[in-house]
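Single chain ahead, by itself, as structure tokens, in the form predicted on its own.
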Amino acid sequence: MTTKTPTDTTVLNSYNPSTGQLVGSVPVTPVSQIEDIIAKANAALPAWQAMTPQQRADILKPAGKVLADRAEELGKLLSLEQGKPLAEGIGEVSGCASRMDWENDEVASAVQPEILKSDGIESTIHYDGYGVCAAITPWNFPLLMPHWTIIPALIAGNTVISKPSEQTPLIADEYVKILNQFLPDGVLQIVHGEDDQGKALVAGDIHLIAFTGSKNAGQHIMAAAANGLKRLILELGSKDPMIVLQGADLDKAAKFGVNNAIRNCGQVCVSTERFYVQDSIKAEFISKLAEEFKNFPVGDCNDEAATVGPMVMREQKDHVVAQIQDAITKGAKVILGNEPMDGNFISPTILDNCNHSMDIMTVETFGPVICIATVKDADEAVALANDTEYGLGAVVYGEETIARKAANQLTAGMIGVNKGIGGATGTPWVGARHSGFSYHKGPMGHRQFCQVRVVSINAE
């Protein structure tokens, strides 16, 4: 929300979702200034693109030490603003800091020119920055998401204008200030505000839009970008399934399932939101889920005993509560949770007897709810898991051969067999269907920030 100070300066206020108390404020960027900000980014392009990718990567590396040295301070700010437990806030900052050196080198290597030779021809494939990149990032990982968008965009040779979520402007502002200690003027700028600022940025003289957020917002951005044929990297919504079959290690499956559904209060793009459990093992699996729930008490970010914070805003809590009530009305059974809680806090919940007539099995929840549907076999589980418009992640637990077969039939960008979706170093973070357009991470993802240019000559 915005308000006005006594001097009539428009500011964006950031509130602690646990208490409602003001954490801090940043000035809102007037829409009238967006054109000048974009012009400054375009003016900074020639000198920035004249450097090699490795030179750009090396310029940014010292920021990693600053992040590491300030991890506790910045992690506390992040947690106060977003709500996640303090250890997770500090971990988010420390994780970005620890990866800065090798990830920067990975990006630089990925966008170096490549040479191909055949039939007397030598072709050099160049990976050039597009130009000005708008990095529009969400509130659920308010430092990590700017980090994994801004860094590859810069090293690839783009200048960047960051537009963080209006829910978490403070940590994003600090992050940009840290990077700007080492960058030339105009290479990285930040815009604060809500929809008006985002729309003005998308409509401006930019060349690439990297957005993470809801499917609906992504569709609006895609439509707005069409007139200029601006390049897009969109990570959108999801409704990730988990299939649990006979032969699964139910202890490991339950531990993963609860953690992946509940962490960050379920506010994760790859949260497990749908469980398809084979009927012969369902009772035992639910018992193990309930046992794991004991490890996820709810509380304020400063409560060392709490591992689940609040929803980031009341509207998000209302959405989750409404989905739970709709499911109960349609026959879902509450196994655990669904207890009234004050403010933005929500009780982590297990629902059984769920089906696809319920919004909670088809519409993104983004909250700490485990929804269980019973299936007779792997074929039924796969059919239901694929019955969605989304396709970011999916997980299968079961006897290895059967689980692998099921995994190969799933429509998702990232699939884990008897583990989470995380892949080997260098694999992309990619979605299918309505969960994404283009992708991030790894050499393949880093090149999404580049225009490919092929120069061919006759080889002696």
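Numbering starts at 1 and runs along the sequence shown. These figures come from a predicted structure and were not determined experimentally.
The same protein also has a form predicted in complex with a small molecule, omitted here; what follows describes it.
Remark: E194 counts among the residues lining the small molecule in the model of the complex, judged by a heavy atom distance of 4.5 Å or less. Remark: W429 counts among the residues lining the small molecule in the model of the complex, judged by a heavy atom distance of 4.5 Å or less. The closest heavy atom approach of G198 to the small molecule in the model of the complex falls within 4.5 Å. Contact check for T212: a heavy atom falls within 4.5 Å of the small molecule in the model of the complex. Heavy atoms of every residue among I221, E235 and F366 are located within 4.5 Å of the small molecule in the model of the complex. Contact annotation: of the candidates I38, A63, L392, A406, the single residue with a non-hydrogen atom within 4.5 angstroms of the small molecule in the model of the complex is L392. Site annotation in the model of the complex: the residue of L289, A248, L351, I136 reaching within 4.5 Å of the small molecule with a heavy atom is I136. Note on the interface: of 163 to 171, 337 to 345, 299 to 307, 367 to 375, the segment with non-hydrogen atoms within 4.5 angstroms of the small molecule in the model of the complex is 163 to 171.
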